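First, one chain by itself in structure tokens, the form predicted alone.
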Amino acid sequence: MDWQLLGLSFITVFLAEIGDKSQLAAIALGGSSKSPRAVFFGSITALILASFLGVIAGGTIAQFLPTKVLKAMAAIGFAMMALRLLWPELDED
């Protein structure tokens, strides 16, 4: 196993999830639920499944597209999200 890649993936996803909408949803559900343990395990399962689907999709797409194209597509996607956050009136068109 590539321990360096495992650590890098863990740190990247962990930092990306702090303050993310999914964490805020888990906080809201945990605070309003009588069974925070169920919220915890449901959240874990959902994050694992979402990550699994992302890895499978990335691996499948990487078979057809070069890595540079994938990185460019991700960069363009993040740039578009940033622009929409900075100028929400662009969504009203």
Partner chain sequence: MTASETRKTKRQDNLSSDTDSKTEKSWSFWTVFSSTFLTIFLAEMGDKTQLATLLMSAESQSPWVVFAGAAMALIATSLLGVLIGYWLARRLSPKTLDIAVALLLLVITGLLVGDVLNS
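Residue numbers count along the first chain shown, from 1. Note that the structure is a prediction, hence the values are computed from the model and not measured. Throughout, rigid core stands for the largest set of C-alpha atoms superposing within 1.5 Å between the two forms.
The form predicted together with the partner chain is left out here; the points below concern that form.
Partner contacts for 24-40, taking the partner chain in the predicted complex and a 4.5 Å heavy atom cut-off: The stretch touches the partner through L24, A25, A26, I27, A28, L29, G30, G31, S32, S33, K34, S35, P36, R37, A38, V39, F40.
Would you say F10 moves its Cα by 2 Å or more between the shown form and the other one, aligning on the core? Comparing the forms between the shown form and the other one, which are aligned on their rigid core, F10 does not shift its C-alpha by 2 Å or more.
Using a superposition on the rigid core, decide whether the Cα position of I76 changes by 2 angstroms or more between the shown form and the other one. The answer is yes; the displacement is at least 2 Å.
A 3 angstroms or greater change in CA distance between D20 and K71 is reported in the predicted complex. Closer or farther than in this form? Residues converge in the predicted complex, at least 3 Å closer.
Relative to what is shown, are the Cα atoms of A25 and I76 closer or farther apart in the predicted complex, where the gap shifts by 3 Å or more? Nearer in the predicted complex, by 3 Å or more.
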